[in-house]
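Only one chain comes next, encoded as structure tokens, the form predicted on its own.
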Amino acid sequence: MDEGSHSVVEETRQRQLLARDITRAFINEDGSELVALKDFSLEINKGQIIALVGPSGCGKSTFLRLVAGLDEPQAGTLLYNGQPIAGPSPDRGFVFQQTNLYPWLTVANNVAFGLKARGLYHEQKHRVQEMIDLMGLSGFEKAWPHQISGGMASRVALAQTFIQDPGVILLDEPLSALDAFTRAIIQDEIVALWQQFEPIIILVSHDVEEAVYLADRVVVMTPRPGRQIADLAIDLPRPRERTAPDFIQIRREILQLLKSEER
């Protein structure tokens, strides 16, 4: 390993996730090229919550798929724990916009699914009920997905991911279909889970208030092709007060950045 590569690995051990000059393009049916990400860079320290905000189509979800190992960049460096990301891993969990629960499994068995798939269920069986209780799902262990509300389905999807204790959790607008009240409650539950398990969380959201409420840093992206134009530290104590002047000011600053990029 040359000196430059060695320094990148050492840096990533401190930052845990490192993306440098990532480019990802797709070919349309007519043969034209659509560049989702261009020279996109991001460094994330262990245990941080990062929110990505930007116009639709700017590559936010594409970046999550790259980190998950569901896709590969065409150019750039993408490292986790000092190693290139090469395919999916249980240490990188993904919660999609659609909950995608297994309809033939009960709530309890959906929560336990990852543990069973990895052969960990028998030694960690007790954690299933602990997670169900933590997520406010007690009493619904034997319910089927079609019998529970959208908010409860989101809780099951989050429990299903967090119970596996991955180092990175990718949230692709998992609360976007919920009403404002339910969404606010589950945002607090995400913070509680994060405080307990301490993963990196990368959140994609079109809701700037949600981004400021949850994140340690909000990364603002340009319209396609997506690049980083701002990386704002959210230095506000938790639990956060949405009506506090500092909160409102940060939200306004991010909205102004987004509007300036649309012009």
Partner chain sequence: MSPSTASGIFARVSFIRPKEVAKLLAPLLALGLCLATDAALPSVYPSDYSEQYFPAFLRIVLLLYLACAALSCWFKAVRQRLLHFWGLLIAVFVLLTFLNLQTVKSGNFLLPYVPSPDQILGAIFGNLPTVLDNLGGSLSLLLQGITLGGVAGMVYGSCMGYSRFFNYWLSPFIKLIGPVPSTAWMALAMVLAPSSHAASVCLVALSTWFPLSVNLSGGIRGVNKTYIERAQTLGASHFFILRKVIYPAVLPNIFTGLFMGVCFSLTALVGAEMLGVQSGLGWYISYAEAWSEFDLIYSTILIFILVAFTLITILFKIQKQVMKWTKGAIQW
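As the structure is a computational prediction, the values presented were derived from the model and not from experiment. Numbering follows the first chain given and starts at 1.
Quick note: we don't show the form predicted in complex with the partner chain, though the next part is all about it.
Annotation: in the predicted complex, residues F96, G114 and T161 each come within 4.5 Å of the partner chain through at least one heavy atom. Residue contact with the partner chain in the predicted complex: G139 places no heavy atom within 4.5 Å of it. Taking the partner from the other structure, the partner chain in the predicted complex has no heavy atom within 4.5 Å of any heavy atom of H122. A residue is said to contact a partner when one of its heavy atoms sits within 4.5 Å of a partner heavy atom; Q74 fails this definition for the partner chain in the predicted complex, lying far away. Taking the partner from the other structure, the partner chain in the predicted complex has a heavy atom within 4.5 Å of a heavy atom of L70. Among the residues L193, A157, I169, I132, the one placing a heavy atom within 4.5 Å of the partner chain in the predicted complex is A157. Stretch 141-149 is the contacting one of 176-184, 141-149, 122-130, 74-82, since its residues have non-hydrogen atoms within 4.5 Å of the partner chain in the predicted complex. For the stretch 205-237, the set of residues having any non-hydrogen atom within 4.5 angstroms of the partner chain in the predicted complex is empty.
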